[in-house]
Each structure stands twice: as C-alpha cells, then as structure tokens.
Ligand SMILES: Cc1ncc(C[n+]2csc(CCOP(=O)(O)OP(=O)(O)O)c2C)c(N)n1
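Quick heads-up: it's one chain on its own, the form predicted alone, in structure tokens.
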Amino acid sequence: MVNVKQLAKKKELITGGTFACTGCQAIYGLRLVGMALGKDTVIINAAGCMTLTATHPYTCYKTPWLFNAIENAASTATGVAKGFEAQGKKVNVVCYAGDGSTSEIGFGAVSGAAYRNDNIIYICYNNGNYANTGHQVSAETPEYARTLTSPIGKKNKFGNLLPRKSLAKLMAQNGAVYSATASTSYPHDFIEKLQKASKIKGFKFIDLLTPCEPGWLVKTNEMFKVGKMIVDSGMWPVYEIENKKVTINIKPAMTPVKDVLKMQGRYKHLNASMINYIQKKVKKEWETINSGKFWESNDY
C-alpha cells in the first residue's frame, strides 16, 4: 500500500511552467513517476506531447531526461540500461512515450525490448490520439471517437471505426515480465505498480490512461473526473499480469457509459443506438473477464 505521508514529504522531481496543455494528465503522470521512483531515475522521452516539457534551454526535470525520435525510444532506453548495468549502477530507466509511438510507429522497438527482456520500465501515456500533431487517429483511439482524421460529416457519421489495441496484453504476450494498465485518476494504484516494477528485473510495461483536454474536448476542471469515470464504467480495465497470472486491481462499479461519454466532445455525435452498442460491448467484455477468460477478451 502507498504510504501517503511519506509521499507528501518527498521532493518534487518535476516543476511547473511547461508548455503542456492546462490540466494535462500525461505530465501529471510524470509527476507521479518521480514521486514513486525517486531521484535515481532517467527519463527517455519519445517525440510527442511530452517533448513540450523540456524545450531548450529549459527543462522541468530534476532528473536526467533524454529526448528521442518517435520510433526508437525503447531502443535508446535499452542502451542506457545496458550502460548502467555495465557500471554496476542501480538506476530506474523509464521510457515515457505516447500511444502513437508505442502502438504504431515505435511498436517494433517496444516489442523487441519486451522480447529481449531488457531491464527498463516502459510507460505508454495513452491519450488515444496523436495529440501533439493535431489529434489524428492512433491504434489506441476508441471506437466511435471523433478525431482530425475521423471527422464527423456526410460520409462518416460514426468517427473512428476500429477498436483500440490492448497494449498491456500484447506486451505480456511479447515477453514482458510485468505488464499492467493504470490511470492517472487512480494515482495510488499507479504508484504501487511503479514501485513494484522497479523491484523486478526485466522488461516492465504500464499502459497509463491520460485524458487529453483538447483531443477529447473535456473541460479543464473535469480531466481527473473523466479519467475516473472511464475506469468506473468498465471502459478501461485496470489490471496487472505477472507470469501470465492476471489480477484485476480495480473492480468497476459499471456506471452507465453514457455518463462519461457525454462529458467528452469527441462523442457529441453519438446517438442512442451507438451508445447502446458501446454499453453492450463493455458489458460483454467484463462478462468474459469475470468468467476467467481474460485472454479471450479484447478490452474496450
């Protein structure tokens, strides 16, 4: 369990004043990384939204930070980890990359690191779109979501037509010794998973849900709330996988999906039939998970 009093006494390892969007949950995720892992940490950042957190000559980090191309951050993290290992140093090497980098452009590098069981912690800050370049569809964009490349119009009344990839499962199948999902709206769960991952040697992966204000069209003061409601509705299962053993960390209340969908402008076009489809899909997903057939489910 997370000791809240001890966390409150820790020094912040990330400062304010970045060029990130107001209420950005991805940068909040980085703040939680610092709280969980401490100063003996190196951040490897793939090109994306978090590139805006350190723009020369300024940086918000009190730990080493390395910027890399969108496709090869995992490979760079592997090299850094091998360097520390050769020196006999115990350092948390954290790769922090967006869903576009992780699920598509850099997927080969991430998969390779998992296959080799490289000793890094890979975190995908998952906001479900290519947010830094205008909010285009990624392989993590939920079905029916409106994006720049799945706009609503005469030829498309549905938005994105493809379901998202289940990254945590894919990484477990690719060889990750520890793979999990988390949400910035459940910070203690995320911190616990980071601390657990830091004690395990090998490739660790966390798929972190990070709501995106401009991409999801959510009010700034409702960013934390919308992330919590997505988990509570069952749309984002929170679990961990160790040695193919699955543990559900947060049992959702299964609140109606319509309540969280209406908070996001990217779903403004949905009608009752489409909302009902999403609700049925989430219900079926959890029926499969609860029956013990986790590996047969796709997650929503």
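Fair warning: this is a prediction, and the values are worked out from it, not measured in the lab. In this text, residue numbers run from 1 along the sequence as written.
Below, we turn to the form predicted together with this ligand, even though it does not appear here.
Q: Spot the stretch among 32-40, 48-56, 271-279, 235-243 with residues whose non-hydrogen atoms come within 4.5 Å of this ligand in the model of the complex.
A: Selected range: 48-56.
Q: Flag this candidate site as yes only if Thr78, Ser111 and Asp118 all have a heavy atom within 4.5 Å of this ligand in the model of the complex; otherwise mark no.
A: No, the whole trio is out of contact, none within 4.5 Å by any heavy atom.
Q: Given that this ligand is left out here, which of Asn221, Thr133, Gln195, Thr149 has a heavy atom within 4.5 Å of it in the model of the complex?
A: When this ligand is considered in the model of the complex, the option within 4.5 Å is Thr133.
Q: Considering Ile70, Met263, Leu66, Ile250, which brings a non-hydrogen atom within 4.5 Å of this ligand in the model of the complex?
A: By the 4.5 Å criterion, the partner-contacting residue is Ile70.
Q: Should Tyr125 be classed as touching this ligand in the model of the complex when contacts are defined as heavy atoms within 4.5 Å?
A: Although this ligand is absent here, Tyr125 would touch it in the model of the complex, with heavy atoms inside 4.5 Å.
Q: Any chance Ser101 has a heavy atom within 4.5 Å of this ligand in the model of the complex?
A: Yes, Ser101 sits close enough to this ligand in the model of the complex that at least one of its heavy atoms falls within 4.5 Å.
Q: In the model of the complex, does Ile105 have a heavy atom within 4.5 Å of this ligand?
A: Although this ligand is absent here, Ile105 would touch it in the model of the complex, with heavy atoms inside 4.5 Å.
Q: In the model of the complex, does Asn129 have a heavy atom within 4.5 Å of this ligand?
A: Yes, Asn129 sits close enough to this ligand in the model of the complex that at least one of its heavy atoms falls within 4.5 Å.
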